[in-house]
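As a starting point, one isolated chain is supplied in structure tokens, in the form predicted alone.
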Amino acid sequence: MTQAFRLRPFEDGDFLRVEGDRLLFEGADLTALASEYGTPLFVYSARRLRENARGLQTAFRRHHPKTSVCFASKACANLSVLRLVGEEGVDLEVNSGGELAKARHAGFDSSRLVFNGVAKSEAEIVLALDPPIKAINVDSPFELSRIAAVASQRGVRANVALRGVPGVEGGSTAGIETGSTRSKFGMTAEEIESCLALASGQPDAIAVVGLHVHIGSQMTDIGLYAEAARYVARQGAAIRERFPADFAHVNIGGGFPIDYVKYDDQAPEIGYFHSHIDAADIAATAVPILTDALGAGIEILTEPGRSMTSNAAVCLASVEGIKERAGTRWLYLDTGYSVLPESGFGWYFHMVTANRAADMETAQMRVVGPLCDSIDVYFDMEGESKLAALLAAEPALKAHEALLRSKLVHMPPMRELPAATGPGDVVAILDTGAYQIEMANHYCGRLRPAAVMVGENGGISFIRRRDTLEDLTAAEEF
């Protein structure tokens, strides 16, 4: 069996630190929070959110002052989070009429909003034009014709940015790569030309204000960002030549990676979860390419989501059971992919036993969730099964097992936690501030979790109440 992730005392300055045997988060005892508020529980840091917002803006403005950071609200559209990043001067990217409505409810002016998506309805376009937002990122000629029709009916001019396909792939996993023609996103050169012709014919309805790309999430190859930037520089210059009065910005998307892995000597299966680049590296690589080609007057937009909120929260889970099988301990949490949906398709999150954070007597364990599916586990059940099936079907493949494992298995098979970890203990699952609370669901009758925020003064406040049993039936009729 491959090496598990070695447990050592993990601390992150004064953000996460060990005191006695307890893990503290912004000075708050996570074990005590679990006891007071119950689990599963998300705990957010107001300070870390503000630091991330400032850091992302600084990373790009260091190279190009005329940069706007548009937080991808799909990562966490909680109203308290939106208001906080908005106070730091961050704008917003939305992906639906619902996210647009929440953005306005949180206090964002229309001039601070961009709207992505591949299937915008007429009703959503109406919302985006009442009043017109900064940019609707157009995904097809059909969509642009729909926008033009709605804008004409309402007597307004729609600001649009054309989403191109830079032909970039690799560096992550196919499910979250969005920059290739194999994905459902964006337009080819021929489709962009169709949009430019349509816009030229309807100048009272359409203003082509920008060009947009997005290559994917958790992309860890810096060369891919350079490749995308060269595409944006080339295509952006061509569009600006056609629409010089309107063209004002280029949008290089988001998906900037974070490092989910805490130590360099961990198992090979971790792959793209271990990133040695961050937003600052991406800015230093991509921005000079854009400014050299498009000049200091161009506005550069970015759409970070994961890098804004992931490391600003932890999820607390309770250990509800243990099982010994063939010499292996299985640890059963009350938190599975209904609370951490990315875990259901093989996302790695580091774990610490919050009430045994200083305990160095460890054991390797299979960690699983409570749901009625075999994929509700914190290892790659599908990848391990495929690998085993291939080796059983063709014994000669044993010589290539390491290569096959690197391609098929994307999670470590075991976690190393304090050997005494068992029922009643609290496991802190780190870097869970993006996407999880947004995708949490009622599967298996599980209640969606509560979330609290640790304020900059150390106070604790609810930012989302836990669902009740009544919420399971509130939208249904009998």
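In case it trips you up, residue 1 is the first one in the sequence shown, and so on. Given the structure is predicted, the values throughout are model-derived calculations rather than measurements.
Although it is not shown, the form predicted in complex with a small molecule is what the next lines describe.
Asker: Though only this chain appears here, would His212 touch the small molecule in the predicted bound form if you measure heavy atom gaps against 4.5 Å?
Answerer: Heavy-atom contact with the small molecule at 4.5 Å: present for His212.
Asker: Does the small molecule come within 4.5 Å of any heavy atom of His350 in the predicted bound form?
Answerer: His350 lies outside the contact set for the small molecule.
Asker: Although the small molecule is absent from this view, report whether Val339 comes within 4.5 Å of it in the predicted bound form, heavy atoms only.
Answerer: Outside the cut-off, so no.
Asker: Heavy atoms within 4.5 Å of the small molecule in the predicted bound form: does Lys74 have any?
Answerer: Flag for Lys74 set to yes.
Asker: Only one of Arg356, Arg405, Lys120, Arg306 comes within 4.5 Å of the small molecule in the predicted bound form by heavy atoms, so just point that one out.
Answerer: Of the candidates Arg356, Arg405, Lys120, Arg306, Arg306 is the one lying within 4.5 Å of the small molecule in the predicted bound form.
Asker: Only one of Ser275, Asn311, Asn78, Ser217 comes within 4.5 Å of the small molecule in the predicted bound form by heavy atoms, so just point that one out.
Answerer: That would be Ser217.
Asker: For a quick test of understanding: in the predicted bound form, does each of Asn116, Gly254 and Tyr435 have a heavy atom within 4.5 Å of the small molecule?
Answerer: Judged in the predicted bound form, Asn116, Gly254 and Tyr435 all sit within 4.5 Å of the small molecule.
Asker: Looking at 360 to 368, 191 to 199, 296 to 304, 329 to 337, which lies within 4.5 angstroms of the small molecule in the predicted bound form, counting heavy atoms?
Answerer: Among the listed stretches, the partner-contacting one is 296 to 304.
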